[in-house]
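First, one chain by itself in structure tokens, the form predicted alone.
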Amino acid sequence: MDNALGLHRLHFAFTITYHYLFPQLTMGLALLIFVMKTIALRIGDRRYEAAAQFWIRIFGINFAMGVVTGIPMEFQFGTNWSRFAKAAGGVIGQTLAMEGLYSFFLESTFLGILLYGRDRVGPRIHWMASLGVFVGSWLSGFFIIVTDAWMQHPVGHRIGANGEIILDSLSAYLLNPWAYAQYAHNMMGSVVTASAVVCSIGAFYLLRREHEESGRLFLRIGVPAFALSSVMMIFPTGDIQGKMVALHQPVTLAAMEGHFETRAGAPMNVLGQPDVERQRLDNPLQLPNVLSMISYGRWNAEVKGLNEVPRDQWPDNIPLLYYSFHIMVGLGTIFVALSLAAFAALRLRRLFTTKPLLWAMLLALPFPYIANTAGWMTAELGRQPWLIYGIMRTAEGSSARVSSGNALFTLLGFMGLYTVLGILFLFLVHREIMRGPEPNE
């Protein structure tokens, strides 16, 4: 890998990883705000209305940060990845335009009503605005996922005379089976993040003995959502996504599991350290036959190993891919255990006084962000060395005339600017949390 290409990849990886810290909260939070507004409208409980208004303010801060950090990524297609943009722009431009025109404008318009229209419109219109924000944010996620899914599993296209990729079927593109599996898994991940954040702030208020009524309400809403979404991350959405990888990207599956030898009844590697040079997994802790079962539905199914694939088609960084996947799975398992324990305590009316569980919920706040980031790293590292799987290699898509010096200069600039934005974001969110929900006693 030449230096300029490496910097282009690092530049995009940095900006997209930083950006996704914000949409993963807003997409899940949009659903929870809609639930709060629905309950407030149905039963007329001002506590739910106050809770919704509090989280709408947090949503607004996240939304603004998501917009500021998201727009530069689309420009990077032209600055850092111009050959990819020239070849595939006629395909991915469809959904990127839809995301901007249909979902972003829908979401931002109704968000304005949510933030500033509470005293200007009636309760039903305000509730409809929360529905509009929810639909807009989830539509936005869908169009972005369809774009990425086409790069993972290209469908509905043909190659033109000059090597350009031409969209043949918009319906095939939008109905890509990979997109629906990935979308379901991704959106459950966003609900995990949002519900964990709601639970964490609720636990924070109870432990500090401030805004305790709101803290209990946050946990009543957040804990069931956290438990349900955590379970659904594993089954069925994670299971479906895993089978999709096994079917269409078997080399990715092998790299994710550190699986070098082809064998029937392949074990799942729970722990271990991949040694790429010796093509083995050191110190493995394995579950016999499990990888065959979860990948192909048969205990004795054959799973292809990396040694069956030419070396130039292996993912570029197998250790990082392996550890990203296992961090995602490990944290997801912890989320299931924690959320179900909290749900049981909630049902038994013991959660609000069980300090160890409250502390666990509070300290869990950053880990859904880590798990979602590791999940996206798994998806994108697994596709390598392909930028568009089976069609265009990553090395063929970068901007050939942008030097490494230019790429490094802009990368450092983005890092500095995003550091300032991150400090501002933390300040604003901290101020809202310490201010608390509106008085509702």
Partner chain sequence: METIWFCLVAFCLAAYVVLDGFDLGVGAVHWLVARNSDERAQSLETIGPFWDGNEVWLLAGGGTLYLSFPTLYASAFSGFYLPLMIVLWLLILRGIAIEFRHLIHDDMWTPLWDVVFSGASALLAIVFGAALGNVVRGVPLDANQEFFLPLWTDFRVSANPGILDWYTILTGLLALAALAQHGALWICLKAHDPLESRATEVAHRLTPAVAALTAIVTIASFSVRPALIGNFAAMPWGCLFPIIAIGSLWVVHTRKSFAASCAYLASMLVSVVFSVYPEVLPASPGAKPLTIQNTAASAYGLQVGLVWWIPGLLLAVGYAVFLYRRFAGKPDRPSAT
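Residue numbers count along the first chain shown, from 1. Predicted, not measured: the structure shown is a model, and the values here were computed from it.
Although it is not shown, the form predicted in complex with the partner chain is what the next lines describe.
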query	finding
Contact assignment for the partner chain in the model of the complex, among M392, I39, V67, A374, heavy atom within 4.5 Å	V67
Of W314, Y296, F77, F204, the one that lies within 4.5 Å of the partner chain in the model of the complex (heavy atoms)	F77
Any non-hydrogen atom of P366 within 4.5 angstroms of the partner chain in the model of the complex	no
Contact test in the model of the complex: D168 vs the partner chain, heavy atoms, 4.5 Å	yes
Touches the partner chain in the model of the complex: H11 (any heavy atom, 4.5 Å)	yes
Partner contact for W55 in the model of the complex: the partner chain, 4.5 angstroms, heavy atom	no
The partner chain in the model of the complex: contacted by all of K86, G89 and F409, heavy atom 4.5 Å	yes
Per-stretch contact check against the partner chain in the model of the complex, the hit in 394 to 402, 31 to 39, 381 to 389, 46 to 54 (non-hydrogen atom, 4.5 angstroms)	394 to 402
Stretch 86 to 100 - residues with a heavy atom within 4.5 Å of the partner chain in the model of the complex	K86, A88, G89, G90, I92, G93, Q94, L96, A97, M98, G100
